[in-house]
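Next up: just one chain, as structure tokens, the form predicted on its own.
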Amino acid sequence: MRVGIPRAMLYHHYGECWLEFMETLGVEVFVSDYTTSDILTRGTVHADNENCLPVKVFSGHMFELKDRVDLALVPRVVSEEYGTWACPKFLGLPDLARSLDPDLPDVLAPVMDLGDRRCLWVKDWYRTARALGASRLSAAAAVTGLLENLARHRLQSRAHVDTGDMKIGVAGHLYNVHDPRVSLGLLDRIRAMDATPLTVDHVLRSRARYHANTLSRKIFWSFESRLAGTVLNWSRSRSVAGILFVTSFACGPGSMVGALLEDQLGREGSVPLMTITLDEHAAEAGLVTRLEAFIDMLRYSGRADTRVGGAAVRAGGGPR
């Protein structure tokens, strides 16, 4: 039995946890390759035109699993935080995967509802483990390991190293930001401009949740709430010189949260914010031009920070 996992969507959030679950069961796992132009093109051809870019990328990765695996693991993610819901595309992703092509591998779709404090959703993963031939003891051990890994994952923030003279907050879904083909190498381009990119996973969830709760309107989408709280944390603490809000074309939650943040940050006197919208037609030249202009503007306006003796110092200025 060989199980495939598309390297797309929430794989960039929880992929390591899913992999360890399968490996604990002794199941051979195959993960599709990194996104290429061919994968993106194939997904665009087979997906509905109204779908957002990440769903088209996911569709392309599903076809990468064709004839290579017996089953595909596509969890149905209901929520990532208590009191919130996942984007509808996560809720319906297994159904979309099944509808792409009748020749694609069958889909395993255990429910994952991190907002359920009773963790009743783990019964689905136990049944999945049993369906894959695991004993009761092995299935229970795999489920326990999954819960422990998810708990550690939610408490961690990504360590970063200061490599440039300024920090740039890159606010966007991890499957957009950390996929070099989708983001057109955005993070590496920022580093090449002698700046340090910080992503949403650099900020603790507790800090993001605190700032998100200060908004006058509650954001009911799990990740968008975390994203908004992260942006507010960066802006209010002045821990970054500027913020790039990265969204994808046809992303409903992203467009609404982007407008909400622009309004909120405008009233608070935020650090500079620029929105970058990605789609399958995005060209590198346009991205590079906007990125260079944004970073040059930050640098020449004296917002670039460097560390001298542990004190935050503005380029060309004194300590803050």
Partner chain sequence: MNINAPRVGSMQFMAKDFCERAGLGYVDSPPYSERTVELGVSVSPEHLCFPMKILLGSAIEALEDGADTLVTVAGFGPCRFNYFGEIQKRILKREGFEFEIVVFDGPRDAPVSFYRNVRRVLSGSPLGPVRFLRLLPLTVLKGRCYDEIEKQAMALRALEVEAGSVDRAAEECLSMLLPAQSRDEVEEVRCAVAERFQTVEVDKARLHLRVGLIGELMTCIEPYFNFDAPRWLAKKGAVVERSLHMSDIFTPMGRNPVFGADDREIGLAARPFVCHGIGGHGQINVAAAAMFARRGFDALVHFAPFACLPEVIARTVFSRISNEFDIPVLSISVDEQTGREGIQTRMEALTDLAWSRYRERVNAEERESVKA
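Computed from a prediction, not measured in an experiment: that's the story for all the values here. Positions refer to the first chain, counted from 1.
There is another form of this protein, the form predicted in complex with the partner chain, and it is not shown here; the text below is about that form.
So, in the predicted complex, is Asp95 in contact with the partner chain at a 4.5 angstroms heavy atom limit? Yes, contact at 4.5 Å.
How about Gly133: is it within 4.5 Å of the partner chain in the predicted complex, going by heavy atoms? Although the partner chain is absent here, Gly133 would stay clear of it in the predicted complex, with no heavy atoms inside 4.5 Å.
In the predicted complex, is there a heavy atom of the partner chain that lies within 4.5 Å of any heavy atom of Asn49, even though the partner is absent here? Because a heavy atom of Asn49 falls inside 4.5 Å of the partner chain in the predicted complex, the answer is yes.
With a 4.5 Å heavy atom cut-off, would you call Gly252 a contact of the partner chain in the predicted complex? It does: once the partner chain is placed as it appears in the predicted complex, Gly252 has a heavy atom within 4.5 Å of it.
Using heavy atoms only and a 4.5 Å cut-off, determine which of Arg152, Lys218, Arg118, Lys123 is in contact with the partner chain in the predicted complex. Of the candidates Arg152, Lys218, Arg118, Lys123, Lys218 is the one lying within 4.5 Å of the partner chain in the predicted complex.
Of these, Ala141, Val78, Leu187, Leu204, which has a heavy atom no more than 4.5 Å from the partner chain in the predicted complex? Result of the distance check: Val78.
Tell me the stretch among 25-33, 261-269, 286-294, 64-72 that has any heavy atom within 4.5 angstroms of the partner chain in the predicted complex. Answer to the contact question: 261-269.
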